[in-house]
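So this first bit is one chain, no partners, the form predicted alone, shown in structure tokens.
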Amino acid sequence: MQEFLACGYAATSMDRVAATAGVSKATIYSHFQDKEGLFKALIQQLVQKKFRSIFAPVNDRDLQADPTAALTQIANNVLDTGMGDSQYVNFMRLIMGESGRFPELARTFVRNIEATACQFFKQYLHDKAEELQLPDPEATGRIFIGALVHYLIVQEMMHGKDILPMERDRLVKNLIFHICPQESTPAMTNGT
């Protein structure tokens, strides 16, 4: 991971990866076949780690209870995970920066991270659709994820905290209000 983050995907050599890992190049190739295979394995490892850190703290009982509390907890877990892990932020920058030259790597990322999160929210909101009066649970889930990802991209990856500041609690409360209006109250704006 550190070699890809330091050099970018194209400039990372398998010789340096092997040296950093303390193994032979043959060992890496026997496990991952090529650089793309290694990078895909890193994406999958990241997905598992991030998905657990976001959703593991939310147990089945929490999901069956109040949707406002469950969605607030999940939103905060997403933001904590994205804002508290510089390696993750840098990895996201790398994926976005290399997506033009290596679209298959970006597709792997979307297939593993975005699709996993979208599927989770689609199912969760489908199960709560009648209670929350949601006409399109899948679109609502994508809006939820999209708002959080946009916040992370602008605030953390693009260094926009000073240009477009917004308190995360204000974002989360208003996002939840739009999904669960009968169960929550929006955060008051301060004119910014």
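Note that residue numbering begins at 1 and tracks the sequence as displayed. So that the term is clear: the rigid core is the largest set of C-alpha atoms that superpose within 1.5 Å between two forms. Note that the structure is predicted; figures quoted are calculated from it, not measured.
This protein has a second form, the form predicted in complex with a further copy of the same chain, left out of what is shown; the following refers to that one.
Using a 4.5 Å cutoff between non-hydrogen atoms, residue 46 does not count as a contact of a further copy of the same chain in the predicted complex. Remark: residue 67 does not count among the residues lining a further copy of the same chain in the predicted complex, judged by a heavy atom distance of 4.5 Å or less.
a further copy of the same chain is not shown here, and in the predicted complex it never comes within 4.5 Å of any heavy atom of residue 28.
Within this chain, residue 146 lines the site of a further copy of the same chain in the predicted complex, having a heavy atom no more than 4.5 Å away.
For the three residues 103, 106 and 164, a heavy atom within 4.5 Å of a further copy of the same chain turns up in the predicted complex in every case.
Taking a further copy of the same chain as positioned in the predicted complex, the residues of 91 to 115 that bring a heavy atom within 4.5 Å of it are, in sequence order, 93, 95, 96, 97, 99, 100, 101, 103, 106, 107, 109, 110, 111, 114, 115. In the core-superposed comparison between this form and the one not shown, residue 13 has its Cα shifted by at least 2 Å. In the predicted complex, the separation between the C-alpha atoms of residue 43 and residue 115 grows by 3 Å or more relative to the displayed form. Wider separation of the C-alpha atoms of residue 138 and residue 43, by 3 angstroms or more, is seen in the predicted complex than in the present form.
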